[in-house]
Ligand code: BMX
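In the form predicted on its own, a lone chain appears below as structure tokens.
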Amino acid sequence: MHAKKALGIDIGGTKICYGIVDECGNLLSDVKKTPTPKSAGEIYNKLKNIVEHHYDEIDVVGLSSAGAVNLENTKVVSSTPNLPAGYNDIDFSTLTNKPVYVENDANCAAFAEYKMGAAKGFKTVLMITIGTGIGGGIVNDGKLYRGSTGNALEVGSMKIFADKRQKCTCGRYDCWESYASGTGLKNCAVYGAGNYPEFASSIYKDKLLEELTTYDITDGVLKNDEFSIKVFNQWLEYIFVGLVSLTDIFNPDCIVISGGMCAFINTQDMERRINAESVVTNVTVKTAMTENRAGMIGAGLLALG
């Protein structure tokens, strides 16, 4: 009986990454990268060429993409602002006569962490990806929770205030990601510069509000700048508020935090705080292990079924 292999492909706004994955989630090849073409037709052709090049080595194809995926796992159906017009019309199942499985990138990452990453051995895993925005995925007893239309776990859109304090990039007010993402840290800095007395003696006091960046704050924390520390702690508070609510709703035994901002979060401290306030059983909080390989590994594993 031959061990099955998948071609895992992660389609991002700037690059497409791919590699061959076995049933344990091990990468059997180097990870290859190619720039994401500018039109849907060119993306389709590029994917077709990648699949054809590896056709004889693989049994299935797994695709990880931004956006909501249909229940048949063949198409991306929601708007994906960093991918070209017409992308939603691509039927990925027509790329090859071998089975093709498409899934949302946050779901793929959650599955990779559950199977062979930081959450291996746990039963109910909530993964939160904190980057420019916030994404989420949940795996329970080996199955992804996808919701009625495949759109579940849009956690970044969770409202955390009811009184229209801050507009989110989506056009609505007070989404969690407008406070707790990388963009949220910048928003916290801008708010703090206008409201915290510490700004007057900060190393950034001469900067224009709109020029403050997330990097300024993380760098300011290392330099012991009181303003930066206050902004950073407020940002952590917003992350905590979302995570403790999600813990009470989903009762996970493990939360995995991934994405560009996860390096700045003390998971032991976050775990202690969540467990002190949550009304459900205790949860373990960990940093993701599979990092930027998570999409392709998760997609490959899901395709292998």
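In this text, residue numbers run from 1 along the sequence as written. Predicted model, so just to flag it, every value in this text is computed and none were measured.
What comes next is about the form predicted in complex with this ligand, which is not displayed.
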In terms of non-hydrogen atoms within 4.5 angstroms, which of the given stretches 210-218, 193-201, 75-83, 92-100 touches this ligand in the predicted complex?
-> 75-83
4.5 angstroms heavy atom contact with this ligand in the predicted complex for Ile43 | no
Is Ser178 close enough to touch this ligand in the predicted complex, meaning at least one heavy atom pair within 4.5 Å?
-> no
In the predicted complex, does Thr129 have a heavy atom within 4.5 Å of this ligand?
-> yes
Determine whether any heavy atom of Gly242 comes within 4.5 Å of a heavy atom of this ligand in the predicted complex, and answer yes or no.
-> no
Determine the residues of 154-188 with a heavy atom within 4.5 Å of this ligand in the predicted complex and present them in sequence order; the list may be empty.
-> Glu154, Gly156, Glu177
